[in-house]
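In structure tokens, one chain follows: the form predicted alone.
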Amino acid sequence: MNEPNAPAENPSDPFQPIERATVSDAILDQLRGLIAGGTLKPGDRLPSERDLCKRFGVGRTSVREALKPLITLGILEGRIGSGTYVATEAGQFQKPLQWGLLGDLQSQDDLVETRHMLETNAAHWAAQRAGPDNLAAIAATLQGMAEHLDEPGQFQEFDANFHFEIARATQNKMLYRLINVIRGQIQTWIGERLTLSPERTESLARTSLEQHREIFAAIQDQDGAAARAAMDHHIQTATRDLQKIAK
């Protein structure tokens, strides 16, 4: 029987009555609040299931039901034999974005466009704000790229880290998080296309390395306009090359 004043369920109505909050909902809200407030930080390990039950004063079923959606959304990570951890900042945004892109080929073009908007501006602000530690970190990724020109997997990892470090050098945490998210998608896209033309992989890597060096030189010179232009050239060239391979 429905509660007084509670609307009756209507199968044809997309909006249905809300059920009362459960114990697991309350646990979920508390955990989400601890993460959002910074009490639980990316990479932190949650207490054991038994310990959580004791702290919350609830049974294991309630704790497990609360953890499931947080893991599904990528906010928490379950590691076999190790426990449950707060996901990295990028990971907390990664899964929802993956779902949004799944099966949507048009979104790949949107992704490249978004990358262009974010990364050209990141290069500009990195040139304005990068400190000595930032410059050293970026230089280290260039060295790694140079040492792995004939190893696509390793090269792509250092390539991605180059862009991560530029984003970090902006001192803008939100921009860093956003670029972390889209770089994961871009890497997948690049990896798929490079497998279509392995004989050109090293040639593309050399071109990419030279363009990355130009970006870094502009950042070192604290020339924001030049850094933005160099990043623009790199992204435009890389996109055209990869599109040619895919044809």
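So that the term is clear: the rigid core is the largest set of C-alpha atoms that superpose within 1.5 Å between two forms. Start at 1 with the first residue shown and count on from there. Quick caveat, the model's predicted, so the values are computed rather than measured.
FYI, the form predicted together with the DNA isn't displayed, but the following is about it.
Trainee: Looking at 157-165, 173-181, 112-120, 74-82, which lies within 4.5 angstroms of the DNA in the predicted bound form, counting heavy atoms?
Mentor: That would be 74-82.
Trainee: So in the predicted bound form, is the DNA close enough to Arg64 to count as touching (4.5 Å, heavy atoms)?
Mentor: Contact check for Arg64: yes, within 4.5 Å of the DNA in the predicted bound form.
Trainee: Find out whether any non-hydrogen atom of Thr22 is located within 4.5 angstroms of the DNA in the predicted bound form, and reply yes or no.
Mentor: Flag for Thr22 set to yes.
Trainee: Contact with the DNA in the predicted bound form for Pro47, defined as at least one heavy atom pair within 4.5 Å: yes or no?
Mentor: Contact with the DNA, yes.
Trainee: Is Val58 close enough to the DNA in the predicted bound form to count, meaning some heavy atom within 4.5 Å?
Mentor: Yes - in the predicted bound form, heavy atoms of Val58 and the DNA come within 4.5 Å of each other.
Trainee: So, superposing on the core, is the move of Glu77 at the CA at least 2 angstroms between the shown form and the other one?
Mentor: It does shift by 2 Å or more.
Trainee: If we fit on the core, is the Cα of Thr61 displaced 2 Å or more between the shown form and the other one?
Mentor: Yes, because once the rigid core is superposed, the C-alpha of Thr61 moves 2 Å or more between the shown form and the other one.
Trainee: C-alpha of Leu52: shift of 2 angstroms or more between the shown form and the other one, rigid core aligned?
Mentor: Yes, Leu52 moves 2 Å or more.
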